[in-house]
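Just one chain is shown here, as structure tokens, and it is the form predicted on its own.
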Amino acid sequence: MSSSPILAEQILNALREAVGPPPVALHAPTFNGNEWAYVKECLDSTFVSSVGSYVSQFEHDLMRFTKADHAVAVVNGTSALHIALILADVKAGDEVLMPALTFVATANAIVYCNAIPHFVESDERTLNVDVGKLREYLIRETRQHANQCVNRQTGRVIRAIVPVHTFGHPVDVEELLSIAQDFNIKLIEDAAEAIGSYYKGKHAGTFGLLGTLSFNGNKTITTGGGGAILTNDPSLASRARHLTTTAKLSHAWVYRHDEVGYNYRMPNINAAIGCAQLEQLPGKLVAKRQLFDIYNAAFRKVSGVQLVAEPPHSISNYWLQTLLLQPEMRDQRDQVLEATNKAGYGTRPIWTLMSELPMFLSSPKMDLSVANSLSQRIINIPSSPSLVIREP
């Protein structure tokens, strides 16, 4: 028998041992709290759109949980990123640094601003931006002009950097803040996957000028769709609320708008679900950590595979549990994916590198050797907290 089916069989056995018989989804939402009661109250009030008490309550609850001074609830994580980039003064023709190894929404939001994604390398250990290589790259490839970071090759201003806390594992934010300061680049955290994750005791998404969250149906908590902008700057928060509410000037009945705005505010009915989900978040985080421990024990028996653990100085929410194949096993990834999905276990590969997508082929980039290798070796495995506990 060839080695490929042997590896797939070993991984299947480990999955069965860890989470039981199939079918098992990759990450399924659970609604075991006050969701039904809050949604009914919302429906009874008739305030189901962007005006309603649950939106304010959800934002307050997010502020309390993350310790951000301000939170603005929006329709999804992509819209949160779009507005955050606008608030960071990203303009047409600017470049924005971001990892090549991430979901397409990060790059799309940059393009919505008519800016250009500039792809950076990943770290083998953390799956996040390789901060050491990034600093060396910026020293070599940029110059300072009028307190702006300029790409020597393109002549364009590098306005911002958007690191991603991949699968909920915090990036080295401390070093990124140092890089942002040294090179006059604004830091916007894409914490779409990282609610409940901490770097040196501080919640992900609260370090930079702005941070963004996502509450899509596959996230640790969900509002169906939904996202949020986090910031400690009151003026930025005020402008975020204004822009996401079609830039409407406050008045009881007159519709006046003072600039181009966006219909991005979270509906009240989605916020009602979010309030109930946030109440359950601590238990979900405990369950996800327990699931990591269960997987860690099961996959110790499988050679050539390791389970990705939280980086140093961090607490990860373990949004998606992640297997990393050794380089010599990369050709076996697709056989593993086929065997596990055929058996009823929801597994998936990581995203295609942004630099390989047709609309971004001409975008500037670092050497992406590690990101390219990681993209061929990562497998996400079932990660729902309900696999460990039956939530009340």
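The first residue of the shown sequence is 1; numbering continues from there. The shown structure was predicted, so the numbers you read here are calculated from the model rather than taken from an experiment.
The discussion below concerns the form predicted together with another copy of the chain, not included here.
Peer 1: Exactly one residue in 181, 235, 114, 296 has a non-hydrogen atom within 4.5 Å of another copy of the chain in the predicted bound form; which is it?
Peer 2: Going through each option in turn, the one that passes is 114.
Peer 1: Is there a non-hydrogen atom of residue 63 within 4.5 angstroms of a non-hydrogen atom of another copy of the chain in the predicted bound form?
Peer 2: The answer is no: residue 63 has no heavy atom within 4.5 Å of another copy of the chain.
Peer 1: Does residue 270 reach another copy of the chain in the predicted bound form, with heavy atoms at most 4.5 Å apart?
Peer 2: Although another copy of the chain is absent here, residue 270 would touch it in the predicted bound form, with heavy atoms inside 4.5 Å.
Peer 1: Hey, in the predicted bound form, is residue 225 touching another copy of the chain, heavy atoms inside 4.5 Å?
Peer 2: Result yes; residue 225 sits at the interface with another copy of the chain in the predicted bound form.
Peer 1: Verify the contact flag for residue 76: yes if a non-hydrogen atom of it lies within 4.5 Å of a non-hydrogen atom of another copy of the chain in the predicted bound form, no if not.
Peer 2: Yes - in the predicted bound form, heavy atoms of residue 76 and another copy of the chain come within 4.5 Å of each other.
Peer 1: Name the stretch: of 355-363, 66-74, 52-60, 321-329, exactly one has residues whose heavy atoms fall within 4.5 Å of another copy of the chain in the predicted bound form.
Peer 2: Only one stretch qualifies here: 355-363.
Peer 1: Do any residues of 12-45 have a non-hydrogen atom within 4.5 angstroms of another copy of the chain in the predicted bound form? If so, which ones, in sequence order?
Peer 2: Counting only heavy atoms within 4.5 Å of another copy of the chain in the predicted bound form, the contacting residues of 12-45 are 29, 31, 35, 36, 39, 40, 43, 44.
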